[in-house]
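Here we start with a single chain on its own, the form predicted alone, put down as structure tokens.
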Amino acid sequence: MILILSSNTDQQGTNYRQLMDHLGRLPGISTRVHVERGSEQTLTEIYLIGNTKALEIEDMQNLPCVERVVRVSEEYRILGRHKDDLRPAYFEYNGVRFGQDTLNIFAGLCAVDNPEHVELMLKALRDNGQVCTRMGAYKPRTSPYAFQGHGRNCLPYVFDLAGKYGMKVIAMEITHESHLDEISAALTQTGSPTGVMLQIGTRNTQNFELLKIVGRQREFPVLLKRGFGITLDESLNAAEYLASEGNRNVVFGLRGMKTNMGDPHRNLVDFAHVSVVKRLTRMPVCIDPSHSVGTRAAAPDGILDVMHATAQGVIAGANMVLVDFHPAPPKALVDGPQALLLKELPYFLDDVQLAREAYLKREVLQRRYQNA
């Protein structure tokens, strides 16, 4: 059971102390307090853990400071969207809002190769009004002989250039707990000119010890990609690992499923699950068309498959797009064949906007018929 307190509840106030004293006397019940501090208000939730079936919602609703009571389901206890719980879900990080009603584009280099390409990419994003990007420093690869990324050596110039071109958030995959310290150190060294969203890649979706460690830190939000060969339920429980350790600023990423049924695409595009994840949880949903499609093939209409896939996810309500671009794809050290060109960036953004407008019109249409 979750007790949602009135906004800006004072934890030093008399009413709050009365509430906690009462909860402390409930037999077999322990509490966990979660606080979200936004720019304008502070929200407090109290999770009651134990045998809460005997607790009446109406009784709990009448306790001091309590605004709403939600009885949770067994699965996805923290990130789940429970019965009758239609609260909007979002978090803010470094001036950027992430929620189930927003859309942010993270275009950039799948793998950082050199400062010149990083700067060309970031300048193009700045010139097209973007404040988010993807930059891969650590790259887990199938082959032990493939390029594994420049790691901490590239972080200082990536962060410096991100600050120069006004990038507020960089999505960056990590594969080991030591990468947390390296990223934090590089941000401090460069004066924290940008922010980082930690990315847990598909190979590490069930690396439970890494999930626990990343979940214990509150500095960085997390983009968790769906595991390429496991069920949606297993991947959503991986996100719950992060939240259960304390970090609830989680975005769930769909990146395609590993199966030959998706051929000739790299993976079977799973963007129909955008609405499913939003129904089951309160997480914003990201789509990764580049790693789903994996090529620059185009249909007879001339539109690239990766752009068709992007539109499918956005028109279904996706909240974030993670997509590969590169100034010179033939020179890319990772996934060059699927990268879009810098000259295609304005076209890509316009196409995404068309799909977003269609989704918003679908929302209006649904409300019209619902209220008819």
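Residue indices: 1-based, along the sequence shown. Quick caveat, the model's predicted, so the values are computed rather than measured.
Below: the form predicted in complex with a small molecule, not depicted.
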Only one of 105, 214, 110, 196 has a non-hydrogen atom within 4.5 angstroms of the small molecule in the predicted bound form; which is it? 110
Heavy atom within 4.5 Å of the small molecule in the predicted bound form - the one residue of 71, 139, 81, 117 that qualifies: 139
In the predicted bound form, which of the stretches 89 to 97, 231 to 239, 285 to 293, 144 to 152 has residues with heavy atoms within 4.5 Å of the small molecule? 285 to 293
Although the partner isn't part of this model, could you tell me whether residue 281 comes within 4.5 Å of the small molecule in the predicted bound form, counting any heavy atom of the residue? no
Can residue 202 be called a contact residue for the small molecule in the predicted bound form at 4.5 Å between heavy atoms? yes
Interface membership of residue 322, the small molecule in the predicted bound form, 4.5 Å heavy atom rule: yes
Indicate whether residue 248 is a 4.5 Å heavy atom neighbour of the small molecule in the predicted bound form. no
